[in-house]
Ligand code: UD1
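Below you'll find only one chain, the form predicted alone, shown as structure tokens.
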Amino acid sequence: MLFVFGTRPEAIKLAPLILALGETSDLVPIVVVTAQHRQMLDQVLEFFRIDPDHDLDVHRPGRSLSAIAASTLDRLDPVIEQLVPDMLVVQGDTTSTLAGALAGFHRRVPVTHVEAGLRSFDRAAPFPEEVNRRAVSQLADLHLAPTPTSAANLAAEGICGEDVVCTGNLVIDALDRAIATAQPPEDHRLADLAADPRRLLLVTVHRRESWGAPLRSVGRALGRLARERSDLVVVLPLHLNPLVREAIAPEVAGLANVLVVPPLAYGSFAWLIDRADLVLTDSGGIQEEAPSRGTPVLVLRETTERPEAVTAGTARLVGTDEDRIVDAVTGLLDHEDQYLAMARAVNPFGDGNAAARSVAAIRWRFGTGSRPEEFAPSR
């Protein structure tokens, strides 16, 4: 089984499945990384002790999405030709995901799509992820949907029956494993937060569709919150992209209660999620991770392909407007009833058994096992 991935989020979500398959005697995982995100990917691989079998090394600073896709296809095809895998596995909606699925399709290798069926129903948000995942759905043979909502999205597109299994989201498996072994970050400023009585606001922001004025608006909101609330500490692991850093960093410069840090190793980030009182993010994965720790999430987007969180009450869409962000954060910090309503909502994304269900679904697809009992949030 050939796993193809290239970014930090893909690695996090595929790691539990790769490790679970590695414990079997009949299913052998072979890991191919595109290294679309070099440094951030390597951190996750090191944490989960996964050594890639092949490294396509497509990352170059400033490289376009088309160049990443073309390079991945060109370098992956001979690997598939050489190995002749029984199945190719991709995750999510990145450029590596799309290129990997297309390469497998070209070589007539059955493709399994992990975290299948997410939809924002807006081709431009998130960009290019929404179109990527729709395209992969047309290339895949087995769709491992993380939630019943995702499975229903696929059914609405005519993809259903034996081709779809609802497994729960592997990110919950990954987070449970990380928190069980997590140590405080090496950065003493972060480690000291374990005993800090202030509320902790964890912020991640990087979406391509928010570059420019929207990101500057988010930065201004963070600056206002930090200046107005001495009871709050903002932790901002700032994305490496210069366009993100140039928009956000000037707005929070010199504020003692804003800790701007480099992207963190996964174990340290898991520790922070567990410590945080509130998360402000445009990331997809954290919308799933934080609710499992009872942490409310404010989403810096107008749409989300994870509506389950909004429906369940664990997340709220706030967009990138400065005033709207400040009002939302302040409201949750100042009104305990609002905060607890979100913190106590049931996490709709997983129960920590997604890897076991995924292994069972793959065996079932190969005809060597029975169809697994599917994930349902009420269980």
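Just so you know, these numbers come straight off a predicted model, no measurement behind them. Residue numbers here begin at 1 and follow the sequence given.
One more form of this protein, predicted together with the named molecule, exists but is not displayed; see below.
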Heavy atom of Gln36 within 4.5 Å of the named molecule in the model of the complex: yes
Trp211 within 4.5 Å of the named molecule in the model of the complex, heavy atoms: yes
Residue contact check: Val131 to the named molecule in the model of the complex, 4.5 Å heavy atom: no
Contact label in the model of the complex: Thr303 to the named molecule, heavy atom within 4.5 Å: no
Whether Met40, Pro61 and Pro242 all lie within 4.5 angstroms of the named molecule in the model of the complex by heavy atom: yes
The single option of Val326, Val318, Ile68, Leu332 touching the named molecule in the model of the complex, heavy atom within 4.5 Å: Ile68
Interface residue in the model of the complex among Thr112, Ser150, Thr94, Thr72, criterion: non-hydrogen atom within 4.5 angstroms of the named molecule: Thr94
Contact segment among 308-316, 338-346, 53-61, 26-34, judged by heavy atoms lying within 4.5 Å of the named molecule in the model of the complex: 53-61
